[in-house]
Structures are given as C-alpha cells and as structure tokens.
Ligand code: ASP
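Starting off, we have a lone chain in the form predicted alone, written out as structure tokens.
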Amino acid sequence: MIYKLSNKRIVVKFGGSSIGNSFKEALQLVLKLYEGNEVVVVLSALKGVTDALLYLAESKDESTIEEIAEKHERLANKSGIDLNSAEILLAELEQVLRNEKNFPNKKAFIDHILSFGERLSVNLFVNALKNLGIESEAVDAFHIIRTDNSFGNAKVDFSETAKRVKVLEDLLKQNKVPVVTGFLGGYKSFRTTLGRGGSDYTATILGSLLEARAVLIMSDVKGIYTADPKIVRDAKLLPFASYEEVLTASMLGMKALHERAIEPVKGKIPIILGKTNNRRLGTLISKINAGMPILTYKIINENFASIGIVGVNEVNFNAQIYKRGRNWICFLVRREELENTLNAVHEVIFQ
C-alpha cells in the first residue's frame, strides 16, 4: 500500500466530547502535530450543544442561549481563554432566533441555528492555540464547503468546494493552523448542515481536497471495535479496517464514523481513529483489514432493531435474516432483546 507521504498536511478532527472533556489534550495533540507538519483542525460543537440548539430552534426559549453561554464560559475560564468574540456570536444567535421569517423554510432556519455550536467551539479553540503561541485562524466552513439545498442533510458540491480550499492553503503557507467548523456548509447565502456526525465528513472532504497525508478522527473512544464496547462486554479493538468494510458497517449503523466520510478519501488517504485523552491511536482505515468481523446495530422502529455483521456471508445463529449483501448479513431482532442478542452473536463469532 503506497500513499503520498511527501505532503506534510494532516487534518485532525475533534468530536464534542473531546473538546469538552479533553480540551487540554486536544490542544497538546495539535501542538505535537504542528512540529514538522501543516495542520488543519476540524471541530464539532461541544457535547450537548447541538441538541440544545435544536431545542432552541423549536421552542424559541431564549433561556437556552444562557445555558449554552455558561457551558462555553466554564470551559473558557478553566482554560484561561478570552470569550469576547463568543459574545458577538451569542448576540447574533439572539437576532437570528427572532427572524425565522427571513429563511425559505423551517429546515433552513434550524440549520442556521445549529451552526452556532461549531462556530462557538472554533472560537474557543483558536483563542486557546494563540495563548500557546500558535498562529491560528477560525475558518467558517460556510465559505468553503458548498452544498445543495437539502437542509439538514446537504449533499456536497465537490467541484465548487475545491475552488475554495485555497483559503486553507494560503493559511498553511503562512504557517498558521486553520480551525474549521465541522458539520457545516453553505448553499447560496444560506447555511446548511451535513447530517449528524457530519464533522467526520468535513474532515475527509478537506483531507481529500488538500491531499493530506492522513485524516485523524479523535473522539472519546479509541477506534473501531468488533462491536459497540458499551454494549458488548468482550468487544475487541480493530487495529486495521478496510475502507469497504467500514463504509458498509457505517451504513448498517456503526457510530464510529459518519457513513459518508469514507468516499472522499477511499483508496487515497488513510483515516486514523483515536482517543483524545492520552492521545491513544486505535484503528487505521486503509486498504488493509484485520480479518475480523464487525457487528453493528440500528433501531428500525419502536419494536424492532437490526444486527449487522460485516465480513461474513453466513452466521450459525438462530434469528430471522433481515437483509444481506456481499460479505455482510443482517438479522432482525426485537428491541428489548437487542443487547442480549448482540452479546450472543458476538460470542458465537469469536468463540
């Protein structure tokens, strides 16, 4: 497997839990990567903020703005960060909330409200990097990632987006670290979002267009496991996983990576998943696989769920087959039996 290693560009994405619970460790990782590399950072909103903003858009309850402000203020105070520019964003949020009539539909209004989560986290991170002596600049993905008007789950226009990444290239040439809002895009003068978990997608889009050496996806888990380690007690960490099997697993419900994140870098750029706390890298996604099946699950409705097994065509297990494809199979189970069945299937496969 040969990758273009002459390029020293690295894109690193931090999830909301990473920023909220491991803010110092995230900064230290960027500092370490910055030694001899060109680094682009992609950020999610702080954990819980996207849900709070969604509630705000639906309810118009302005007390929610104060709760969001306090969450960012606590982190800023803990980290010795100036919050002046965040106050401007919060004032803008109040104005947008009172002007829903300016948007073409409810979904467009909601996307604009949701954008404040990433914009606020980027503001914090840039100020923190500057405090550490790293020249950094906030970059709103609205100006770079162009999409269609499918508000809430927008499709990226790669040709238009490619024309705009020069903004990032110019910052890198100035030895700066661009910190980009994940999850967000733009259609004409309106803000769009790429679907929940879309910051992973942002990172691989930018990694592809910048021809990065690697894309790092950092979160509160170490990598991809043979099953959800929060449910399956004997789940094993996968050191390697192929693009194809991760794409399939994501489509069947795996939460470790956004299902659209593979396509931009497939066959070209490795993705490395890791845990921000202690800077532990776990799974390399490339052309290599570890030869270990991946179990996934997805809630279908209030009564049923599906269990997917990627990397096998047959499993000796007594359950109704729901769907199947090349090198994967899905079983149908009742929701109340999901956890027990996941553990049982995992035991059958890895006994």
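Please read all numbers here as calculations on a predicted model, not as lab measurements. In case it trips you up, residue 1 is the first one in the sequence shown, and so on.
Heads up, the form predicted together with aspartic acid (ASP) isn't pictured, but that's what we're talking about next.
Item to complete: Report whether the minimum heavy atom distance between Ser306 and aspartic acid (ASP) in the predicted bound form is within 4.5 Å.
Response: No, no contact at 4.5 Å.
Worksheet item: Quick one: is Ser286 in contact with aspartic acid (ASP) in the predicted bound form, heavy atoms, 4.5 Å cut-off?
Response: No, Ser286 stays farther than 4.5 Å from aspartic acid (ASP) in the predicted bound form.
Worksheet item: Would Arg196 show up as a contact with aspartic acid (ASP) in the predicted bound form if we use heavy atoms at 4.5 Å?
Response: Although aspartic acid (ASP) is absent here, Arg196 would touch it in the predicted bound form, with heavy atoms inside 4.5 Å.
Discussion item. Against aspartic acid (ASP) in the predicted bound form, would Phe183 count as a contact residue? Criterion: heavy atoms within 4.5 Å.
Written reply: Yes, Phe183 lies within 4.5 Å of aspartic acid (ASP) in the predicted bound form.
Discussion item. Partner absent here, but in the predicted bound form, which of 197 to 205, 159 to 167, 228 to 236, 137 to 145 has residues with a heavy atom within 4.5 Å of aspartic acid (ASP)?
Written reply: Stretch with heavy atoms near the partner: 197 to 205.
Discussion item. Does aspartic acid (ASP), in the predicted bound form, lie within 4.5 angstroms of each residue among Ser44, Thr50 and Glu118, using heavy atoms as the measure?
Written reply: Checked in the predicted bound form: all three residues contact aspartic acid (ASP).
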